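Look below for two forms of one protein chain, each set out as C-alpha cells: first structure 1, then structure 2.
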Structure 1
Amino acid sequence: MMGNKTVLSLTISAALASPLSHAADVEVIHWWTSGGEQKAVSVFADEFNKLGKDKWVDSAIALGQNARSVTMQRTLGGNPPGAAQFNLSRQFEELAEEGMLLDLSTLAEKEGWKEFIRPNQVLSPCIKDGGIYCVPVNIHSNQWLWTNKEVFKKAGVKEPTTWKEFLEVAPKIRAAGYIPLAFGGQGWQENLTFNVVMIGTTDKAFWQQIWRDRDLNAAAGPRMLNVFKTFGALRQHVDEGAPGRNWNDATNMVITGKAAAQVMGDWARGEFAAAGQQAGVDYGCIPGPSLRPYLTVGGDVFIFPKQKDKAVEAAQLKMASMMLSPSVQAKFNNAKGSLPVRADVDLTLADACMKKGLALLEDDDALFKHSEIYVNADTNGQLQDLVSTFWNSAGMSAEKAQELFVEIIQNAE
C-alpha cells in the first residue's frame, strides 16, 4: 500500500513534465565504476528510465576527485551535465553560491524531505541561504574493518576490535603467509585510513575538538601525536603492491584470502555481496576498530546544475524525486552497501553488516560528522597531501607531521 507521501510524490513527478515538452536526455556524472557500484547505479538508471521518455545518460569517471573536477570545470564553463555525484560535504558550495544549481526547495517541501530524511545532518549540507541544492541518496561511514574470517582462523588469531589489537596480531598473520592489511596507496584512501585511526584511537569529543572547534592545544597534544604514530605503524603491515591500488582491488584481496583485512567505508560491502559472500560467515565487519563503535554520517549526494532547456529541468526534478522514493532507496542501498536516508523502507534483505550500521544509526552518541563537513575543499586537500606525504615518507617523524597538521588546522577554512 502506498502512503500519502508516496502518492503525493508520484503526482508531483507526473505534473512536472508538460504534455507539450519533449523527451530529455539527462547526463549523469558519477565515479561508481567497481562491480558493486555499477550494480547500485544501475538501479537509479533503470528506475529513471521507467518513468517515461526521458533518458539517463551515464558518464562514469574513475576516481571521485576526477569526476568532481570535470563537473566543476564544465559547470563553471557553461557546459554543465544534467546531474552529478558529490560527497556529503562542502565540495559543491561554490556552484551554489554562484547560483548555478537548481533549487530543489519546492519539490522538497511538497514531498516532505525534512520529515523523512534522517538524521538531520544528512540534509543540512544541501541547504544554503534557504535553498536546497542537492539530494542525499545514502548514508556512508568510513569506520569499518573488513575481514576474511578464514584467514584469521588459519592464522590462529582473533579479529581485532581496536588498533592496539590489530598491531598485536598483524605479525602473526604475516607469519602465517597472509598480508595483514590490504591497502590502496591513493591519497583519498590514505586520508580515509588516517581518519579511521584518529577516531579509533581517540573519541567523539576529541574529534569535535579538532574539526568543529579547531582546538590547537588538542591538535598539538599527545593524543594527536599517538594518532600519527599508530597510523605510521601500519606501513609495515601492507604489501609492496599497495601504491596506486584501487580500493576495490584491495577489497578483492580480502575476498580471495590474500589479505586478512581492509579499512574501507561500508561501500566495500557491495563488493563482498557481488562476489557471493555472506556477511558474518565468509567475512566480518568491525566498526572501527575503536574503543567503542562509531558511525560517521557521510554519504553521496547529487546536484543538478541549471539548464537552459526546461524539459531537462523537468527531468531533473523527476530524477531527484525518484532517488528518494522508498522502493528505490531500498534497492539502491542494498546494492551499494550503504544505509538509506529514510527509515520507512523495506530492509528485509539487510545482511548482518548492514544491521550493525542501522543499529548504530539509532544511537545519537555513536554518530558524528565527517571532517569534510567542517572544512572546505582547499583545506581538505592540504590535509590529504600531508597525510599522503607522511605515509609515503618513512623518514618523516610523527612529530614533524603533527607540527604541519597544527598549521593546517590553525588556518583551516
Structure 2
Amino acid sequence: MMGNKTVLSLTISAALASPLSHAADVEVIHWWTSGGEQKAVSVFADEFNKLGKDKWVDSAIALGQNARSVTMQRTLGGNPPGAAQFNLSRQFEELAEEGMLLDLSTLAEKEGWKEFIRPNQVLSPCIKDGGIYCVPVNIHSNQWLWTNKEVFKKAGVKEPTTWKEFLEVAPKIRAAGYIPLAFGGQGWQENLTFNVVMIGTTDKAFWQQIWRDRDLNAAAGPRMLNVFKTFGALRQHVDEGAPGRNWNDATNMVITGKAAAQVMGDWARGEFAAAGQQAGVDYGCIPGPSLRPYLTVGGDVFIFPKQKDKAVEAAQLKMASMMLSPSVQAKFNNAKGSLPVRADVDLTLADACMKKGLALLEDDDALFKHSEIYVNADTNGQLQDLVSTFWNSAGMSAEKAQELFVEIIQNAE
C-alpha cells in the first residue's frame, strides 16, 4: 500500500514538475475546406505531428466568417482553441488588446522573424504594442483577372489590361455569344471587385488618401466618382444567375468557356490547376485590370489564444516555429498556390502566374495595403453593404453611391 502511494505521488510530482515533457493536443480552427486547401493544411498537421508527441487536432469550419466567429465566441467564453486562422487584417486586434493572445515576440526575436519575413507589411498587422500576436503563413493577392484564352481568340479581341479596355471589348465578347464577366453576387465578391476597380482606375497615392488619411475631398472628388461609374458599368456584363453564386462556380464558368474572364484573388489558380489547365496557355492572369500593376499583400495568419496549461503553450510555440520553417513554407505554399512569406524558399514548382506575382512582390511601389488594415471590421462591413446595394440596384446612380461613401469615410474607425 505504502509503496503504491509513493509511486503514485512520485508520478504526480513528476508530472507537475516537468509539464513540458507532457504531450499536448492543440486544437486548430481554420476554414480550409476545399480540395487544394485540405492538402495544404495537412502539410501543417503532418509536420507538426512529426515534431514530437504533441498532436494537431483539426477543426475545420466552412466559410471564414463562421470559423472566425467560432474562435471569437470560444475565446471570449473562456474555452479558446489552441490556434486559429484569421486573415492578415485587424480582425483579431481586440483579442490582442485584451491580452487574450499568446505573445510570440521572444520566439520571433530568437528566430529573427523581422529579418526574413518579406515584405515587411506581412508581419506588421501582427505587431501590437511591441508584442507579436500572429504568425503569417502565406501571401495572397486579390487583384487578378483570370481569362479563358480560347474565348478571347474566338471573340477576336485582345485580353484587356485596363478597365477601360475591358469595357470596350466586353460588348464584342457578348456578341460572340459568351458572358464577358463571370461573377458571383455575394457581398464579399462584390466588395473584392469594387476594390480591384478602385485601385485599377486610380493609384496607390489615391488609395492611401482615402483609406489612411480619410480625405473627404478625395472621397467626394471626380476620381472616386469614376470608380463608382466604372464599377456600375460592369453590371451589364454579368449573367442573370450571378446573385448568390460561389466564387469557384464562377471560376468554373471561365474554365469551361462559358465566360471570358473573372476577377478573383490568386486562390482561383487552384481551380484552374485542378481542372488540368496550364497557366499562360489555357488561361491567362492579368494583374488588375489596372493602369499599372498593383497587388495587395493579404494572406492568412494563425493566432494562438493564451492557455492555462503550460504544456499546450509549449506546443503552441513549437507550432508557430514550424509554420515558418523554410521547408514547411515551400511545401505548404506549393499545395495552397499562395506565395511564401520568406524569400529563401525553393519554388521550382511555381507556374507562370505565380512567377508574375513573385516578381511584383519585389517591387515596393506595386504593393499596397488592403483597406481592412486601415479601417475596422465595422466600417468595412458598412462599405460592403453600400457596394452590394449599389451593385444590385440598377436605379441607384453613381453620384448617390458616392454621397453614401463619403459618409462612411467620414465616420470610419
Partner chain sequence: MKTNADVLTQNTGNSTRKRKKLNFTSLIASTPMIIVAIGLFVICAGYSIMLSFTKSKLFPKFNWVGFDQYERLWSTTRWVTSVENLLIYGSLFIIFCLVAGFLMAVFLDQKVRFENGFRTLFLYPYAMSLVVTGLVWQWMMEPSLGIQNVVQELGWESFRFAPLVNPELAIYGILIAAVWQSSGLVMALMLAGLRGVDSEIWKAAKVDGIPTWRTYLFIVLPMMRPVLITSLVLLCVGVVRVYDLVVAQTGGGPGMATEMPAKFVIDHITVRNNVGLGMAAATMMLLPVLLVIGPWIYREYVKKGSRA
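Think of the rigid core as the biggest set of C-alphas that the two forms share within 1.5 Å after superposition. Being a predicted model, the structure only gives us computed values, none of them experimental. All residue numbers here follow the sequence of structure 1, with the first residue given the number 1.
A.B. asks: Just checking, which of these two is the form predicted alone?
C.D. replies: Only structure 1 matches the form predicted alone.
A.B. asks: K310: with the rigid core matched between the two structures, does its Cα shift 2 Å or more?
C.D. replies: The answer is yes; the displacement is at least 2 Å.
A.B. asks: Honestly, after the rigid core fit, is G244 moving at least 2 Å at Cα between the two structures?
C.D. replies: It does not, since the G244 C-alpha is displaced less than 2 Å between the two structures after the core fit.
A.B. asks: Is P222 among the residues whose Cα moves by 2 Å or more between the two structures after superposition of the rigid core?
C.D. replies: Comparing forms between the two structures, the P222 CA shifts below 2 Å.
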